[in-house]
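The chain below stands alone, shown as structure tokens; this is the form predicted on its own.
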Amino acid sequence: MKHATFRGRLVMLGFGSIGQGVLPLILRHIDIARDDITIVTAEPRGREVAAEYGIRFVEQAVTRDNLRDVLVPRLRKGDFLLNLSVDVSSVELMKLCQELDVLYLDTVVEPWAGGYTDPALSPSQRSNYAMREEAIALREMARGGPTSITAHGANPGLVSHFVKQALLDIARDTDAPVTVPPPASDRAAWAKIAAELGVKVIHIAERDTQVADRPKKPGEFVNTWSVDGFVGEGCQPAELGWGTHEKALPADGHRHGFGCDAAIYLMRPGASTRVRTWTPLEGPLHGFLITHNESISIADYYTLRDPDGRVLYRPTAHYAYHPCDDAVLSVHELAGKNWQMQDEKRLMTDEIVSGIDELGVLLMGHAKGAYWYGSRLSIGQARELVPHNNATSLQVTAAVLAGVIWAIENPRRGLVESDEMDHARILEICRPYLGEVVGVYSDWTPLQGRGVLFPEELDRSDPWQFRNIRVA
């Protein structure tokens, strides 16, 4: 099915695993001339994939100094800049696209090179919270202009649409009075639904079980998606949206002192912070509290205020990520080297022999306890569905495709976050590529089985306190 027709030019900035994986999807589902697509990337990786599809390939890094020189000649009014790069400022790219009247999408708010780990910046200044605040500050300038979708991959991105569907499922199953879903632009209506259902915590709960035909070796970082991206965000402070049900800040928790105030950060890297969570196939597990844009945007979007602006309700929201086992070993080694990257990097692709990526959202605290809604996609399914993808990348590339189509269908929306898009349309486009999409209720709480072998200080009056979820 061709979901959209696009007669402008498409520039793909960056062509790593996600770029290579989304290209066949774009050609499959968008009516666009191949001669109108150009790939601009900093490294030769992917050249053979571009050649396979007959797409122009330009190997050139984009920097602060040459951004305009590289991109302006390749973009004109009505074109599309699909930003899948690292080390290029998303904010500067969005400003350029507004100036040139060009559509835009990225999967993460990316800083210039070194922005994630610049020791001259405070933890707050190099947080995803600060980067998101810089991005959404463009709203007024972009109002009525070309659509710029920020942070729309799998997570952030797809998971925001999972949250809406999960809320509607819980409302249906608890006979809550939600007959017609509100439009995505009605943030207060969606926040009221979450508040009235009693949702206290939202985890992006993910377990990746993909295994390669050869194990990680010493001095090597192995992952099923961008190694640089994972290490960059893993070395940022752990961040989470901070709910109104929480009784006290963690001892190492801090507010930012600017912006929407929907989130806090911990004075430690996300890759060394673990939390308790649950997925249907794995059951209870420990995940890394890796900072992600959706932890903040979801908490902000579902904030309910009184007429005077006082916060009445907000859920705690954060990522709880158990990557593939070789990536866990890689993180352990990285931490032991005081967060200095290993000399070798390996992105698992053709060598994967088995496993799935179980990616969803876990909504907790409501009348039915906990509800996980999401995608279970195996490596075998991913390979059958789309070339140049593994299970992890296809969940991202399907969401990138859906975001591009949504922007083409809604070209004058200015700056847009995932939570502000039509979840039903996005899921309609993504669903054929997500494997088994399921919703599962559970009686799991972070208190189950605790304090048996060793005493613990727990808040048994409210299982959903962060102090119970965090692994000490």
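Residue positions are given as counts along the sequence shown, with the first one as 1. Quantities reported herein were computed from a predicted structural model and do not represent experimental measurements.
Only in words, not in the display: the form predicted in complex with a small molecule, which the text now covers.
**OP:** Give a yes/no on whether residue 447 approaches the small molecule to within 4.5 Å in the model of the complex, heavy atoms considered.
**Re:** Result no; residue 447 lies far from the small molecule in the model of the complex.
**OP:** Indicate whether the small molecule has at least one heavy atom within 4.5 Å of a heavy atom of residue 85 in the model of the complex.
**Re:** The answer is yes: residue 85 has a heavy atom within 4.5 Å of the small molecule.
**OP:** Find out whether any non-hydrogen atom of residue 326 is located within 4.5 angstroms of the small molecule in the model of the complex, and reply yes or no.
**Re:** Answer no; every heavy atom of residue 326 is more than 4.5 Å from the small molecule in the model of the complex.
Original post:
Applying a 4.5 Å heavy atom distance criterion, does residue 374 contact the small molecule in the model of the complex?
Top reply: Residue 374: no, not in contact with the small molecule in the model of the complex.
Original post:
Is the small molecule close enough to 13, 225 and 396 in the model of the complex that each of the three has a heavy atom within 4.5 Å of it?
Top reply: Yes, the whole trio is in contact, each within 4.5 Å by some heavy atom.
Original post:
Looking at 389, 150, 155, 273, which has any heavy atom no more than 4.5 Å from the small molecule in the model of the complex?
Top reply: Here the answer is residue option 155.
**OP:** Would you kindly say which of 43, 409, 36, 52 lies with a heavy atom within 4.5 Å of the small molecule in the model of the complex?
**Re:** For this set of options, the contacting one is 43.
**OP:** Counting only non-hydrogen atoms, choose the one of 139-147, 297-305, 100-108, 169-177 that falls within 4.5 Å of the small molecule in the model of the complex.
**Re:** Flagged stretch: 100-108.
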